[in-house]
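Single chain ahead, written as C-alpha cells, the form predicted alone.
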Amino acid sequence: MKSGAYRPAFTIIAPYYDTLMSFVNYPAWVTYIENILMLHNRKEKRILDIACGTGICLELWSQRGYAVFGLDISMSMLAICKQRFAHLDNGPVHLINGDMRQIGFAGKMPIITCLYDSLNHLLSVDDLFGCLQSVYDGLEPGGIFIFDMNTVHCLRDEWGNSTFDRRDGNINSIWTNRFDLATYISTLEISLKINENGTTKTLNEIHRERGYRLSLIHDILAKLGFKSSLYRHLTFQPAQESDLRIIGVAEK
C-alpha cells in the first residue's frame, strides 16, 4: 500500500489503541512514578498528563485519589478517554484538547507527566524545547515533571528497519519500521485488519518518532532552569545511551 493511503497518527486507530497496548503494565508505571514523588517529598494530589491518549494512566491516578487533568491533541483519543470516565465514580476528570508544545493550561500544576514516548513524537529540537518550556511555565514553583522517551538506540537498533506481524484479539496487524540515520527519525506504518461482526476492515496509520541524545535532553532541561535526572526505565539507575527507554525527572 502506498504511503499516501496511511492516515495521521492517533486518528482512526483510537478505538483499538488499548487493545494494541494491552501488553503494557501501566500500573507498574504509575507505582514507579508514585515512588519518584515520594522520594521527592511530593504530597500533592493534582496531576496533569499531557498526551494523555485514551486515559489509562489518568484512570489509575484517579483510583489512587488524585485530581486528574488530561491534555491531548487527538480528539479521537480524547473521545475514548471521555468514554472511560463516563462509567467511573472516582472523581471528575478534566480533559483538554490541546498541543503539548503550547499547553496554555489555566493555573499552575504541582505534577505534570508525559508518558509512553509521547515526547518522541516531537520531530525537531525546536518543538521539544517549546514543549519543555511550556511544561516549565505550567508548573508551580518546586513542581515536578516526569516523562519517558525512547532512546536513539531503541529507534535505530531495536526498531531499525523491520517488519513484524502481531495478533491482539480480533486485530491482526503489520508493523513496518524505517529509521533515517540523517534525521534520527523512525517512521512506523501500522496496518490493522479488524474482524468484527463477520466482516474484516483494514485501517492504516503512520507514526513518526525522533530519537534525542541524552546529553541534548539534559542541556535543554538545564537551559530552561530545570534540575533534572535521567534514569533507566522503571529503575533509579542512571540512564545510558544503550538503554531502550529512559525516565526523566525534572524539578522547577
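Start at 1 with the first residue shown and count on from there. Note that the structure is a prediction, hence the values are computed from the model and not measured.
The form predicted in complex with a small molecule is left out here; the points below concern that form.
request  = Although the small molecule is absent from this view, report whether Phe10 comes within 4.5 Å of it in the predicted bound form, heavy atoms only.
outcome  = Within the cut-off, so yes.
query = Does Met77 reach the small molecule in the predicted bound form, with heavy atoms at most 4.5 Å apart?
reply = It does: once the small molecule is placed as it appears in the predicted bound form, Met77 has a heavy atom within 4.5 Å of it.
key: 4.5 Å heavy atom contact, Ser118 and the small molecule in the predicted bound form   = Ser118: contacts the small molecule in the predicted bound form.
query = Is Ile174 close enough to touch the small molecule in the predicted bound form, meaning at least one heavy atom pair within 4.5 Å?
reply = Flag for Ile174 set to no.
message = To verify the annotation, which of these, Asp99, Asp157, Asp168, Glu140, has a non-hydrogen atom within 4.5 Å of the small molecule in the predicted bound form?
response = The residue in contact is Asp99.
message = I need the one stretch from 184-192, 222-230, 197-205, 52-60 whose residues put non-hydrogen atoms within 4.5 angstroms of the small molecule in the predicted bound form.
response = So the stretch in question is 52-60.
query = Within 4.5 Å of the small molecule in the predicted bound form, do we find a heavy atom from each of Tyr17, Tyr26 and Ile73?
reply = Every residue of the candidate spot has a heavy atom within 4.5 Å of the small molecule in the predicted bound form.
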